[in-house]
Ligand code: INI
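Take a look at this single chain, the form predicted alone, given in structure tokens.
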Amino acid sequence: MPKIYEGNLTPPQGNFALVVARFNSLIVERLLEGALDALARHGVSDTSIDVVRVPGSFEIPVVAQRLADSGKYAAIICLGAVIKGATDHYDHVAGAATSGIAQVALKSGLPVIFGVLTCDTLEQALDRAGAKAGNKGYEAATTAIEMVNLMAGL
């Protein structure tokens, strides 16, 4: 029988950073509430959580990299919302945030969780920030917990 490695949702060791975009705050604040709720429900104390606010989703990767380089965090949760408009600005911001966050994870070896919504409409974003489709901030935080525990077991 092969040995199987898998994360779990037991209370993790270490500190968590949440990098939170202010742009589209109506959506992002709901994602933050969901993430904080998930962390609390899974035994992460408030003293083990730092929230860092950035102007928008484009700025998330550079701050996530700085936090990863600090060595103070077991995981970094990135929260933002990019909603399609009439120009191609959406494509540039969503692409930069996505690839930048992935690069931070690969470079640092830390769980750097992508909790940035990329939606066609405000309604889709609201659905993913606590309405019909659940709260993706909550899901990002549980993913972070699971990944911290998985990484500790590897």
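Small disclaimer: the values here were computed from a predicted structure and weren't measured. Numbers follow the displayed sequence, beginning with 1.
What comes next is about the form predicted in complex with the named molecule, which does not appear here.
K.L.:
In the model of the complex, does G109 have a heavy atom within 4.5 Å of the named molecule?
P.N.:
No, G109 sits far enough from the named molecule in the model of the complex that none of its heavy atoms falls within 4.5 Å.
K.L.:
Any chance V93 has a heavy atom within 4.5 Å of the named molecule in the model of the complex?
P.N.:
Yes, contact at 4.5 Å.
K.L.:
Taking any heavy atom pair closer than or equal to 4.5 Å as contact, tell me whether V82 reaches the named molecule in the model of the complex.
P.N.:
V82: contacts the named molecule in the model of the complex.
K.L.:
Heavy atom to heavy atom, is H89 within 4.5 Å of the named molecule in the model of the complex?
P.N.:
Result yes; H89 sits at the interface with the named molecule in the model of the complex.
K.L.:
Pick from T143, N24, N15, N135: which has a non-hydrogen atom within 4.5 Å of the named molecule in the model of the complex?
P.N.:
In short, N24.
K.L.:
If we take heavy atoms and a 4.5 Å cut-off, which stretch out of 40-48, 55-63, 100-108, 122-130 is in contact with the named molecule in the model of the complex?
P.N.:
In the other structure, the partner sits against 55-63.
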